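Just the one chain here, laid out as structure tokens, in the form predicted alone.
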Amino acid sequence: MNNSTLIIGAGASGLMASSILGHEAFVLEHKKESGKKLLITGGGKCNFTAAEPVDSICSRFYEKKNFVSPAIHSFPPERIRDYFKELGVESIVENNGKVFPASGKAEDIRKALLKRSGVIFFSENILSIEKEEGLFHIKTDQKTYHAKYIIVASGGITFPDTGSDGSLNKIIRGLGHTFVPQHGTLTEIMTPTLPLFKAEGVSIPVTLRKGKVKLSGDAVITKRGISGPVAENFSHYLEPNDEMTMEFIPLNRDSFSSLSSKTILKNALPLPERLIFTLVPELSSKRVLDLSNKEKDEIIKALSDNTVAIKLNERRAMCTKGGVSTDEINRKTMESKLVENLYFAGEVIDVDGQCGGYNLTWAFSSAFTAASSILRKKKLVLS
């Protein structure tokens, strides 16, 4: 195995890299099963990419759009779909641009990747990685492996039961790499100081703000706070314990003059009654003409400028923010700038995207880039 590639992690990015390298590589997975997180994406249907122009895809990765650009341009959504088609998986595009396997089964994506993957060693925990004379020596709790190249595809820290648990982070730091602090993202935003449970199930557009950052979109009120696309995407900008401002409707003092004066507030505003009652219970049944200026200001604050303490529901987070610093990775090859022949792919890197298949796009594109770079080093030609 002295000229082989070791892939650490049999998740989405690890399996993609393995499927490209084939028997040129072997995989170490510390769980008993591969691709477990793949099986729960898209509600089990696996939204594995998005039918959008490449530049639009890259823009979904917040401040890391320039870092992800070379990889996603090299292996864009149409090539990802073609790759899986070659492996027997047809895909469909929904009206919102999300791409799913035509069968609606995430299992088909996993099976397709496993068709071309190299050998996978399960239930092995890595204890140390050392490099001497151009070879990596990887000690597990069962034996020691040797490889010329390593692709770290160990995932983030969400859904630890799937193997994405951060257990390798200390070892990666030992190789000299910096870890940006990690926490879950693409998740529900909980508002413990603002009980919203009486409006649970209400779907409504909302604008979320933190400092100069503002995002508008569809939200769903939950018994703990808010979820839905806008909340999940906005969670990228939040820390696990933070605060944000919610605007359910733009209001100011002048807004009340355009409302029917004899109508009670919960019927006068274009918002669900349950939501108005939840946010301003004592005022929701007052007629507009009976509202004092102080009460109007209270309503404006509650519905248009409601700053609340938040917590991120990391137990349900679909993605990880943070990871190996992108400053230490060559974005064109995914190779470490610090350790020759050490590569990274997927969620272990400090890259996270919006919901909609973008993070799996990144997993596949970054894995393709890393594997292709290794093949070029070995002077092999991609068919």
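Just count from 1 along the sequence shown to find any residue number. Please read these numbers as outputs of a predicted model, since none were measured by experiment.
Form predicted in complex with a small molecule: not shown, discussed below.
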{"query": "is_contact(Ser164, the small molecule) in the model of the complex, heavy atom dist at most 4.5 Å", "finding": "yes"}
{"query": "Partner proximity in the model of the complex: Lys64 to the small molecule, non-hydrogen atom cutoff 4.5 Å", "finding": "no"}
{"query": "Non-hydrogen atom contact Val54 with the small molecule in the model of the complex at 4.5 angstroms", "finding": "no"}
{"query": "Contact flag, Tyr358 vs the small molecule in the model of the complex, heavy atom cut 4.5 Å", "finding": "yes"}
{"query": "Triplet Arg116, Leu135 and Ser372 all within 4.5 Å of the small molecule in the model of the complex via a heavy atom", "finding": "no"}
{"query": "Stretch from 120-128, 82-90, 252-260, 237-245 whose residues place a heavy atom within 4.5 Å of the small molecule in the model of the complex", "finding": "120-128"}
